[in-house]
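The chain below stands alone and is given in structure tokens; this is the form predicted alone.
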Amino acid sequence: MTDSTSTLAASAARRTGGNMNWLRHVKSAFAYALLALAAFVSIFPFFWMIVGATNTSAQISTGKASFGDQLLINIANFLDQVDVVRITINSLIIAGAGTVATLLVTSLAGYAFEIFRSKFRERIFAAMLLMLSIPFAALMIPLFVMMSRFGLINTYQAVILPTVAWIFMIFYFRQATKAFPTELRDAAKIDGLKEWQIFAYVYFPVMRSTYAAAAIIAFMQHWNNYLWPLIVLQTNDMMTVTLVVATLNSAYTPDFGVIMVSAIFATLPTLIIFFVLQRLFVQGLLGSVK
């Protein structure tokens, strides 16, 4: 009787285990199917952009999804229509200087909000977060008037300065600073370091992955910025890459092949920076502190 009961129990356990394995396989297959769909949706626009750069404007309009033989012609037309060197320099200056200034200001603010205690700290921080709800369209005219009074219209400073104290980035650095070991700061203070020395020689090296993630986000923000540069940059020699892409697209008879080439050109810098800092970017988003 005992042997029979044990056999039945073992058989039931095998059936249960088999059912559980089957359910795990179904869940895994469903998860992989969703990931594959998300990857396709994410990658397809870039694939279409590359394919379109090799076809004529008429072929792109008809929806041709295979590679053609017009890539060199489209590149030549793009170089003929656009001062590539000038717009690249403009975009790199704005994105590079803007990224450095944004990281410096927002990391100092985030560090201060988390490290230094005061009874008004949370109220000020809450008011700053509330300002995120104000649309940029409501700020454009006051910003333009302010830049005009300072004589900064059609300058790099006019594009960079309004985005330096980015509230989202301040929030990001404050949240990341919560993971910063306070023991390191206390030990540095015992060793006689001043606060700026603690920030420069202790905080910055420890939070390098956070800075890497913030650098990618800030660079993309400055590089892809369109509306504000469109308002304050008023001459062709100050145009950025995004403005040129928009100009090509707004022509009476747009050449979609050239537009695709310009879109690839505008995308490459952010892709390069992301792949260079990819490991640190992931660590920074996960809040890794070493």
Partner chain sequence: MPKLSKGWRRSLGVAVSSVSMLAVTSALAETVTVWCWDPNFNGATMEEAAARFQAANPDFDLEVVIFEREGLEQKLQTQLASGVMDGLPDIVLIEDYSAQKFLLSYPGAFEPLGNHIDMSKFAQYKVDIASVDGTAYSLPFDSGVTGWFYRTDILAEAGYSHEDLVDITWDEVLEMAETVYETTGVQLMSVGVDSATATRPMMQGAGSWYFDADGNPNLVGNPAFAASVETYGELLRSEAIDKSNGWNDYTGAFLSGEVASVVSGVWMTATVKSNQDLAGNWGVAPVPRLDLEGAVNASNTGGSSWYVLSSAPQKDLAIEFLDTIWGGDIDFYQKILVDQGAFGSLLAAREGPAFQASDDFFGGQPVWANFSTWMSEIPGVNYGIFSYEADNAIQASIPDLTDGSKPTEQIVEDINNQVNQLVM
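Everything quoted here is computed from the prediction, not taken from an experiment. Numbering follows the first chain given and starts at 1.
Keep in mind that the form predicted together with its partner chain is not shown, yet the notes after this line are about it.
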{"item": "4.5 Å heavy atom contact, Phe144 to its partner chain in the predicted complex", "value": "yes"}
{"item": "4.5 Å heavy atom contact, Gln70 and its partner chain in the predicted complex", "value": "no"}
{"item": "Close approach of Val26 to its partner chain in the predicted complex, 4.5 Å, heavy atom", "value": "no"}
{"item": "4.5 Å heavy atom contact, Ser148 to its partner chain in the predicted complex", "value": "yes"}
{"item": "Within 4.5 Å of its partner chain in the predicted complex: residues from 145-167 (heavy atom criterion)", "value": "Val145, Ser148, Ile153, Asn154, Thr155, Tyr156, Gln157"}
